[in-house]
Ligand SMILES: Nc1ncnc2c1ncn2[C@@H]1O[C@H](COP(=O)(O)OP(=O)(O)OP(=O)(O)O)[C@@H](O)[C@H]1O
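One chain comes next, on its own, written out as structure tokens in the form predicted alone.
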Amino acid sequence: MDPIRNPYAPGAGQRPPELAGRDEQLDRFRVVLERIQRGRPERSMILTGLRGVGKTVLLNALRSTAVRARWGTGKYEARPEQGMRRPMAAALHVAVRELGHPQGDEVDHVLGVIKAFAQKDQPGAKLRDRWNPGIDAPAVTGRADSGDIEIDLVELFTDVGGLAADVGKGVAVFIDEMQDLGPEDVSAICAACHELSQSALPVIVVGAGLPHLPAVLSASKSYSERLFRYTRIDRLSREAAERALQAPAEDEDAEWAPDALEAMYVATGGYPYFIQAYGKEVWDLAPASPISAEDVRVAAPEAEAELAVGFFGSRYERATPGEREYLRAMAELAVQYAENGQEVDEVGSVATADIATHLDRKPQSLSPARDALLKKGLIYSGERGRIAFTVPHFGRYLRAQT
């Protein structure tokens, strides 16, 4: 097969040629935009799922939908130990510019509020040393600059929402890796969304994060369950996975044989990133169309080697020796559960008490490793006393390394 015409696109956040299996989420979001624009009540949205299921891709697709609806949009990726003021200000700066409000004075005022919000990140800094967010308007005094992030974000969203309402549009802020927000910032987001829902201003937050993100929000504000519409993004169904492979191939005058599609679903588990990674390697090594199950078998080692370096290995390398011991114990326990006939949940979680027993260690001595892995985003806790990998097939990768 011609590698130049290879349609598959494995990459972090890179949109696949066929965004299969996400029509329901896209259609629902269009309804949300239309309802908000008409002054109807709607909630902000949260997308959750493991790594590799396409959360970032879907987040970008939702943003494109909002842009086509002529909304103002901004996006940023949350990072551990990073405050929210600068990235949020940059995202809202873009959103306000996209709105195209005709009244320059009113726009400058809101831009000044955004600037004041951003610069409050540097208390006590001299004027010449202050970070400049690239906004020409002068900072507004007395608005979104109290230093209390919760108060300031509410005021900022209120002013931006008023500007959007003037032109009959809305503003959507997209936050990726939302579980990495600090506790104060999570609380501020919840408070601001609560205020927006009461004032019916056309501003929404669309967040994406790991499966424990709802628990992070709930721990901050007890009413967060009612603030957001939660959508779990999972692996693709068999039909959607086949469409993700077949549609791009047909555009290049090629096709997959039925047995090849079966082999691909078994190999990838329906996870979108794996579908693209295997699809690329199989295409490059297949001699001709239609692609067969034998082509998948021949290319599988190449795909697995690529994933071992770029998808699994890059994450494993971030762990210390003690953390790697903890990860390997999780992988080994999952197999033991299956061998002993123990019930295994759909995310393959294991009990933290069992990890301590498996390693012949006291549970307290393993807390530092577990907490570090949680912060690094390699594992998550969906329920008290249990832990699971944030990366699908990570246990299989670890078992192959030993």
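Quick note: we count residues from 1 along the sequence shown, nothing fancier. Small disclaimer: the values here were computed from a predicted structure and weren't measured.
There is another form of the same protein, the form predicted together with the named molecule; it is not shown, and what comes next is about it.
Only one segment in the set 47-55, 368-376, 63-71, 339-347 has any non-hydrogen atom within 4.5 angstroms of the named molecule in the predicted bound form, and it is 47-55. Among heavy atoms of A388, none comes within 4.5 Å of the named molecule in the predicted bound form. Interface membership of R143, defined by any non-hydrogen atom within 4.5 Å of the named molecule in the predicted bound form, is ruled out. Taking the partner from the other structure, the named molecule in the predicted bound form has a heavy atom within 4.5 Å of a heavy atom of Y273. By the criterion of a heavy atom within 4.5 Å, G11 is counted among the residues contacting the named molecule in the predicted bound form. Though the named molecule is absent from this view, in the predicted bound form it lies within 4.5 Å of a heavy atom of just one residue from E323, E155, D185, E177, which is E177.
Here is the short version: of H212, K115, R315, K75, the single residue with a heavy atom within 4.5 Å of the named molecule in the predicted bound form is R315. Proximity of R30, E34 and I204 to the named molecule in the predicted bound form is absent: no residue of the three has a non-hydrogen atom within 4.5 angstroms. Along 223-255, a non-hydrogen atom within 4.5 Å of the named molecule in the predicted bound form is carried by L236, A244, in order along the sequence.
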